[in-house]
Ligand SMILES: Cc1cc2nc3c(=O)[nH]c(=O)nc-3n(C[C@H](O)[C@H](O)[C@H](O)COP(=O)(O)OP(=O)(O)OC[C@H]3O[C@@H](n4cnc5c(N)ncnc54)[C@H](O)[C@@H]3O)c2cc1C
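Given next, in structure tokens, is a single chain: the form predicted on its own.
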Amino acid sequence: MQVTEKTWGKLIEVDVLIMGTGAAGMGAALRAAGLGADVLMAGKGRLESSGCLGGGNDHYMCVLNTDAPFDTRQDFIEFYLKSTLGYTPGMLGEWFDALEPCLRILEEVGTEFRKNPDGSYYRSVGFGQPGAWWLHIANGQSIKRALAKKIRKAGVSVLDHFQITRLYRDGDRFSGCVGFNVLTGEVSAIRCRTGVMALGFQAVRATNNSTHNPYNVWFSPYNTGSYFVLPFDIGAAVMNVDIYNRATLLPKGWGAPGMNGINNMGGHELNALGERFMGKYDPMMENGKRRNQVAGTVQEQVEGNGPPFYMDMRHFKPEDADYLQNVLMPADKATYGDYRQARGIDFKKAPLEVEVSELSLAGFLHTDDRLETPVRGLYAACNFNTFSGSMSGGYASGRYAAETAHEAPMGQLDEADILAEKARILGPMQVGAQGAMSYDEFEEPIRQVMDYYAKFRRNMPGMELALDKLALIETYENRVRAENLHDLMRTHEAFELLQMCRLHLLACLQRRETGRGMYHLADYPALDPKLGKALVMRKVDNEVRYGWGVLPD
């Protein structure tokens, strides 16, 4: 890595730039560095605690190619080809091939996986999958720090506390980015030969849960859509942002769900009438697809059968209830014990009250089988879900980014563009107090619009009106005032969030059916077999274009 001081800040040159320091970025960094590439990771948190994994994790999904039922490469590929639009066997093969190497890395850094008495992995079935693919983690809160130590020892350069605000391309190739240090305000530009986009595949501050606290949410609240909107602005394509929205059940008023352990260990969901109802929505009951559990719970609420809703574990063996309550649940969020004590929760004595979470917005970047986007040299690390998918997607994309970087030219950045972006970044610090608003006064109306017009129950006219409302909110961007660097970081997150909501609504207006996403369309309540394709969106000549299963020209 080479650093040059400029009048406007720092110019950094590196072979492989990894944008994001969560699980996906870590997988990419370890793989690329292992192939001899000069690697820089950049993210707005600190490597040791950033991203969703920074809060902990209780499960790692891994198909091990054993003689157990449904435990082969083909089983894995067939399941995801059927359950998720837009994947190809080649992409899924990359995911599968990275599963075991990433598992070995996790074991190497001291991750404690629950074992059976014979020493084999304790594994369970979850979320509608055909086999016992889920490994249980006992010390999930320490994984991030352990991986960070390995990465720093590997010689990977790390730019902590760096918020990336804009990407650039040189011709048809990715050339780098500009951003700023959220603690010092220093602006830097990074030139590279190849890049890996690993900024997190969900925007979780788009809607509210019952707490109306946008930082008490399922995934990292600092992911606000940059994984999608930044590449989209330079010609990369996004797909499934209409249907790959995510939600889960949460312990009432609690941001971390723990539903993987609760469901796959045998928890029963009850409505307010004491009925176990999930059989109406999924043949695998609570252990079926997450979408079906959320949609079923919402439907029960529409019919007046709740809230409250509960997860009942009173039938568990004492040792299983203790393991779930004291090992798995705290692995997702360290303060679960405080929550449990304050609420007097005991899984063996009473059911746990739960609620439907916020609805987060997600999707994928459109790539080829090597995970390369239409912008040459830019690779996607967050196209596979869960901790396992994130780290594995990073591991796979890091390989191709490193191999390509050996022959790719160094990207070029225009100094005039850098200066313009610096002015845009720091602009909110220059806004006067008269008539100004704070970042949260700008951002909260976005959630109000999405909650009211575009949450679990919606229609086409409502989404069109939501777009109009978001356009109105956007006109207030130049009035948002940042009084300090923390405000400045939040302000740019809010600007990204608005654009992510806009992409989601534009895509949803193209898909006139119900049943693939977590939302129900009143005016199109049935599944349309003709729409069984991924919707791909791309900006061409400053116009949004759409393709069903194909990259739009």
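From 1 onward, residues are counted along the sequence shown. The structure displayed is predicted, hence computed values, not measured ones.
Only in words, not in the display: the form predicted together with the ligand, which the text now covers.
For this session: Work out which of Trp134, Tyr244, Phe76, Phe309 lies within 4.5 Å of the ligand in the model of the complex, going by heavy atoms.
Result: So the residue touching the ligand in the model of the complex, by this definition, is Trp134.
Exercise. Among Phe387, Phe96, Tyr439, Tyr168, which has any heavy atom within 4.5 Å of the ligand in the model of the complex?
Worked result: After the contact test, the surviving option is Phe387.
Exercise. Any idea which of 234-242, 197-205, 67-75, 350-358 reaches within 4.5 Å of the ligand in the model of the complex, heavy atoms considered?
Worked result: Flagged stretch: 197-205.
Problem set entry | 4.5 Å heavy atom contact, Ile446 and the ligand in the model of the complex | Judged by the heavy-atom cut-off of 4.5 Å, Ile446 is well away from the ligand in the model of the complex.
Exercise. With the cut-off set at 4.5 Å between non-hydrogen atoms, does Asn223 touch the ligand in the model of the complex?
Worked result: Flag for Asn223 set to yes.
Exercise. Within a 4.5 Å heavy atom cut-off, is Lys44 in contact with the ligand in the model of the complex?
Worked result: Heavy-atom contact with the ligand at 4.5 Å: present for Lys44.
For this session: Give a yes or no for Gly515: in the model of the complex, does one of its heavy atoms lie within 4.5 Å of a heavy atom belonging to the ligand?
Result: Close contact is absent here: in the model of the complex, Gly515 is far from the ligand, nothing within 4.5 Å, heavy atoms only.
Exercise. Relative to the ligand in the model of the complex, which residues of 25-52 have a heavy atom no more than 4.5 Å away?
Worked result: Gly25, Gly43, Lys44, Gly45, Ser50, Gly51, Cys52, in sequence order.
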